[in-house]
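In the structure tokens that follow, a single protein chain appears in two forms: structure 1, then structure 2.
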Structure 1
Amino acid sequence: MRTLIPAIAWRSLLLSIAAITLQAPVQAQTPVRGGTLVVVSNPGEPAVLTAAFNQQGAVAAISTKIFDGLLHFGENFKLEPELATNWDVSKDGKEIRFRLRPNVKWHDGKPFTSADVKFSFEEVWLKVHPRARSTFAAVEAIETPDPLTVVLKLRNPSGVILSALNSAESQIVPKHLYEGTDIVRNPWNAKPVGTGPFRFKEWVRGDRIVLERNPDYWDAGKPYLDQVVYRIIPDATARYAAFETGSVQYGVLSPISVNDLERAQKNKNLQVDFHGYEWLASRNVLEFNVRKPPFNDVRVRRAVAHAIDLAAMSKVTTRGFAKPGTSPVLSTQTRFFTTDLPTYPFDVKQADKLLDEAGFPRKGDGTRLAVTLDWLPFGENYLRYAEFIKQSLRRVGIDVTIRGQDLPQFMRRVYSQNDFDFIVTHIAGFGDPQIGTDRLLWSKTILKDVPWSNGAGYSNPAMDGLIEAAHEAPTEERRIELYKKVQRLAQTDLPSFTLLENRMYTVASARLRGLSKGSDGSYESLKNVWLAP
């Protein structure tokens, strides 16, 4: 396990980040047309190429080049038009009317209309998206009075819907290719047809995914690039070497190891940027299977929380880049975040006491119970988290077996078969707890085969009542008040436990221009991006 870096070294690292940011080179402003951008697919190879129902990071990162959203985020969460040219919220907050962009075509030449939006809402998002039931809980009906108008009729005002209509969160799929099919197993998921700036060209499994310029894109003259090629490079050392040699020029979602980050920041041929992750709001989470022993006992879950020194975990596994977690709502979600919560400070004696009370006394060999920890196969960082947790729990007599597997097997184990004890995984906040947090806590998000839903199987009528009251809150103030109560109950019941709030980064060639500074920039379409000579 990695040793701690000295505090002085850490301060130097922070200062170097600031210095490099301030010393960014003046960039030419005239876009150059043509060229191929080579991107590292991170984390790993995607399972499909539409995020309409699969929210794996690599899926969203690639598919947002193929599919547009109704809206997208500019800087500081400012909503900007994309497939919707404008939107109006009625005075009573119970109707949102979108006007769609005219003359937009799917990549197969069919016209994009309001029928595609209605179909995606009713047949895809509400049925197989991990969060849409919560996000769109206030929607009573969706109307399409003409091909370019969509009207959402709401039971009550909603403070969350407009925040969920970017292409990463709510992708619109073509009705003519999905209607009457098994959405999750539709073959177009692997060769998608979108409206975005790039068209799908080929997918060579284990090697590359190739996108090509959409010559009929609605934003005339864009994109500038001819092709975007996603390379599959599982090894972190090889990924950094690819950036150093220039064989890849772009990667999001922390595409290189934190060990190589300082080298990347000192490399004049590379740029490192921490913007574009505000909407994503990344955190690492320990999630318990509360359906079966030993984690069906809240005392065991609390003991585990007390046994892990989160400050040390941050330093050992992320060189202090990540912030210890305190709530299922991230501290960056300032409207909703509260510190008035049950806490689980590092306390081995308290963990021992709770395990004794739960009926797990130490045996002759010092152990109390044995469990298996599955780690999300999103790179070696998650194995490091698992190893830290294993060592932490050994001190209180919990014998942990770490189990690794590929991503499809991990997903089947957790979300289809529920065949696990506890997992260390990644959860995004998506700007609002109704989108990012409900899915772990609401009984209606216990969804078979749907990744990143309520895999723990947690169900509490009191929690359901709070969440559903928040969905129907008449004012934003009341919704915020209810989500603070949700946090308190979640920290009391502890079906999941936030380990770390992450700080993610993008690595790009210094030749790359036009990258988005929007709050969801890590999932931008790349339509404005070009390569300087």
Structure 2
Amino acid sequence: MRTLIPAIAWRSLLLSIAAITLQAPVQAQTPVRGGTLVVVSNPGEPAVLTAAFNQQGAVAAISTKIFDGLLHFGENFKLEPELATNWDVSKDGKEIRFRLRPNVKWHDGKPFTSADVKFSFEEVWLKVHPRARSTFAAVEAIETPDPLTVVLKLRNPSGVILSALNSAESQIVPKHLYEGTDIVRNPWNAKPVGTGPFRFKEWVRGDRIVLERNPDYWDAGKPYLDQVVYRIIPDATARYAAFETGSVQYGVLSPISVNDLERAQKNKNLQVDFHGYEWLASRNVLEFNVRKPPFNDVRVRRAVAHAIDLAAMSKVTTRGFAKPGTSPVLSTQTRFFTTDLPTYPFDVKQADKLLDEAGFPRKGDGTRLAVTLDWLPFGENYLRYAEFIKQSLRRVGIDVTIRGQDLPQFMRRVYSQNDFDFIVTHIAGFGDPQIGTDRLLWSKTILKDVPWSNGAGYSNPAMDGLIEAAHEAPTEERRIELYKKVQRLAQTDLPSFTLLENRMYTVASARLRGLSKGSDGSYESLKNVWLAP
């Protein structure tokens, strides 16, 4: 009896070694059905399991397996059908008509219809979704002529709507379980009923969330996996150890620290993938408080931009994984991105010259001015960025004090009290500059108390004109053209500037096959994923 346990452990160890060596030469290409995928929930434990109104990364990452969206994104933002089989935009751009997939059932067996879409739109997204009011501002009415048709009537053409109908951003909840309830406190938020490939099984708080195969999924034969188990592992070292020992096989949104990334890439039992984050478009941004000196002077802001060597910053703070930023729109957002913009190459002399012009000559001790830099408390990375910036600016005579605090205090300081000089922060693009970029530049997004709004206090009528024209642009070409102008003006006025285009990563076991390469692949449904034996 005493020797039994180690014997079993040894045997399973040997078996798993045998399995790895056997699998290596002949890579099975036909999907294998069955198996449990253990995933690390990142970042942290979700609050609820529906992203219809809660947009935390962990919520979106898990709930997109339970809920389908109307559509999703393939490679390079190509729109692909999910619950909507097709969609037509009218010639004048003022009507979008969706045809819904027939015979789709909620996990409790009730049919999925256009009434669910209308209810989610009117009662959930417009009322309690953090961004939907502005995303869908152009929608005048939503009509459901029959159970499988949804028609959006628009006041003006709006290009942003189709960029926001994937299950991560606009999740459809079942009307029959939500109608007449307090949506945010509805108990189904924690034991959701969706239409997706996996259905909810159990949630042991602080430990794990278990999803199981939906046997009635509309895409017959899928998903391949029997179960998906999300584990909550708060410590980064422990998370890497879990990947290394194989007790966790998948994780999105950079689940291990950048220090472990190279080791993970060298480990042949693991695969590291940078795809699937184009829609999320994560970037690190330096944002100035333009309401007060010294950063109310554009020359000082430009001097700062010239003084920071972004290539070196990427190397030092992210081991070269991030890409130096050039625009408030990321290079992965290919449709809108342009390189025809003012640039701020690393140039200490130019920075010195600008600071002299702005009236900040060097004093006896070599410094010109002193400012405080607050970093977003999303982990140690931001402290590293802040330290790099401090070092860079010292060279041009700007004395930087780094200030740390916890997230609620940071939010209050920046967005409620505007009591800061400049911040190093994170901004997500969410598939479209209208969602991800406007909020830093439009004067109507100077919103007290609202996180990730225009905390800089930047207001320029010319910029407002461009943005508002883009919102109502009659064609996509015109919208793209306007957003290129927005980028040009943003790089000229520089109320904020992109330091680094983050390359977020997925870490997975080498046995995991069929991962999506789509633009929102980090929030995919996992229906095509299987575990090689």
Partner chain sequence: MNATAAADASVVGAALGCVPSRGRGRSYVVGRVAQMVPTLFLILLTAFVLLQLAPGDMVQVLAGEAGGGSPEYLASLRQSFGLDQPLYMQFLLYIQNVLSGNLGFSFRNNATVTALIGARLGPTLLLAAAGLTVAVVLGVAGGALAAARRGRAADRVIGVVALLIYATPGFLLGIGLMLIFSVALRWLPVGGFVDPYGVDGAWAHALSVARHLVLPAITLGALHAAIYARFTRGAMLEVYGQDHVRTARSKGLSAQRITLRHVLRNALLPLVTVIGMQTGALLGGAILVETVFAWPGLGRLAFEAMQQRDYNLLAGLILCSGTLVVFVNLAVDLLYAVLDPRVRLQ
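Residue numbering: sequential along structure 1, first residue numbered 1. Definition used throughout: the rigid core is the maximal C-alpha set that superposes within 1.5 Å between two forms. The model shown is predicted, which means the values in this text are computed figures rather than measured ones.
Asker: Pick out the form predicted in complex with the partner chain: structure 1 or structure 2.
Answerer: Here the form predicted in complex with the partner chain corresponds to structure 2.
Asker: Quick question: how big is the domain rotation between structures 1 and 2, taking the chain as two rigid parts and the angle in degrees?
Answerer: Here the smaller part turns by 27 degrees.
Asker: So with the rigid core superposed, the C-alpha of Gly397 shifts by how many Å between structures 1 and 2?
Answerer: Its C-alpha moves by 14.9 Å once the cores are overlaid.
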